[in-house]
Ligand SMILES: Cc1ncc(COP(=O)(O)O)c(C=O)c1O
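Only one chain is shown below, in structure tokens, and it's the form predicted on its own.
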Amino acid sequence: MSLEQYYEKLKEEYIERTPISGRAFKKAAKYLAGGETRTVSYYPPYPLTIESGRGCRLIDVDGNSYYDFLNNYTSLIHGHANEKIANAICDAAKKGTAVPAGMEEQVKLAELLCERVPCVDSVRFCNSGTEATLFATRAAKVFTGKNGIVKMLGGYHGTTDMMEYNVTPPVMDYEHPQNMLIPKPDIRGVSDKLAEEMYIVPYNDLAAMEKVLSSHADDIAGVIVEPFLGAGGVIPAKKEYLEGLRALTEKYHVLLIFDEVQAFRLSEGGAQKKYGVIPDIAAFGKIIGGGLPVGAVGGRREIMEVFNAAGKDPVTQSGTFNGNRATMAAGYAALMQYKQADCDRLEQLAIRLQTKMEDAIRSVGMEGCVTRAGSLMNYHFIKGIPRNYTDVTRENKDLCKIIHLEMLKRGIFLAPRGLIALSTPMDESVIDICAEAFRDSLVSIRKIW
């Protein structure tokens, strides 16, 4: 049996196991374009419809139970229906969800971020990580008076037009990887004219960064980078790489922007505090909203002053639900339950899972590894350890989608691309259940491949 035939068999089993989800998806397709409302949520033959979640468990409409190892793509640090967060949301809603005026809840969450995050002197809230990176790069442009932005090949920073460049470019010629560094939009509907302001550099490559900065620093406002390549496969940056970026941006008078939308969970003060590398500006989202839509941009006070409405020629940064009471209250409740000890415990659980999964890969004779940054992980079926986007494109994508269905069959909910995100309700017993399901999945695949 070929891998493709095996995949078709798994899809048939999935359909038999989830008939109500199947019917729910057909109904959804009548009213939602494509049957869902997030591209990342879809996978063949159809995504599950979830009835409820509590802690680290999910229940679908067919009554199947899953351990949630995705946590809404890393945003639910405390899993589902956390009591303190739920109570904070309810209490906030009873007071009125949003008004175009100040609210104490905004100040409480902003103060907490300023206290915890080294680079943050002041904050502006928005409603998504996409907006956060948009306003971070806009602040850099206004503050420096330059328009160029450097981003990493394979780096994902949301869905604004500028950030949709070179996220998942096709690899047509491994002998000439520099062709992937030509700025090009990945999706239809994005103008290629923005290429004039974009510079693309491989991840974990300081020499390439210096080459760009030395030639174009007069045109570049900032370098935006994740402390690990998130959507590209949780590829960690070497600490020396982040330190080198800090040194190079200072040398060439360019701002350093950290995208901490996913990375903030790495420590109480984000990746910058964990690694001791302090950017000029940072973008936040995900866990700072306690499970509700959120984004924030924060940085040095003189940079953040570009948003000061009382200042001279301020940058407009508005949004009907910026800093809404429910999100602010939920975010504060979430972060107050996420101290450094919690970060450390989750990382130890992640190390345990990473070790067991890599042992399983070796035990069945496959080539592969598990990359990790704090409590986020991604498995890869590839020779060696990936260091950048080009490395990841060489892996066996068919194997990843098969493992996704195998894991769902065994009650483990994770991303089709292999992303794993832990949450605080998990303990060693849950980690071991996931590891055993992964091992069993590989054994089943190995029997036919």
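In case it trips you up, residue 1 is the first one in the sequence shown, and so on. Please read these numbers as outputs of a predicted model, since none were measured by experiment.
This next part talks about the form predicted together with this ligand, which is not shown.
Engineer: Exactly one residue in 156, 135, 199, 338 has a non-hydrogen atom within 4.5 Å of this ligand in the model of the complex; which is it?
Structural biologist: Of 156, 135, 199, 338, the residue with a heavy atom within 4.5 Å of this ligand in the model of the complex is 156.
Engineer: Can you work out which of 354, 122, 147, 130 has a heavy atom no more than 4.5 Å from this ligand in the model of the complex?
Structural biologist: Comparing distances to this ligand in the model of the complex, the residue within 4.5 Å is 130.
Engineer: Just checking whether residue 286 would be counted as a contact of this ligand in the model of the complex - the rule being heavy atoms within 4.5 angstroms.
Structural biologist: Residue 286 belongs to the contact set for this ligand.
Engineer: Do residue 85 and this ligand share at least one heavy atom pair within 4.5 Å in the model of the complex?
Structural biologist: The answer is no: residue 85 has no heavy atom within 4.5 Å of this ligand.
Engineer: Can you work out whether residue 261 and this ligand are in contact in the model of the complex, taking contact to mean some heavy atom pair no more than 4.5 Å apart?
Structural biologist: Yes.
Engineer: Looking at 178-186, 356-364, 157-165, 207-215, which one sits within 4.5 Å of this ligand in the model of the complex if you count heavy atoms only?
Structural biologist: Answer to the contact question: 157-165.
Engineer: Mind listing which residues of 305-333 have a heavy atom within 4.5 Å of this ligand in the model of the complex?
Structural biologist: The stretch does not touch the partner at all.
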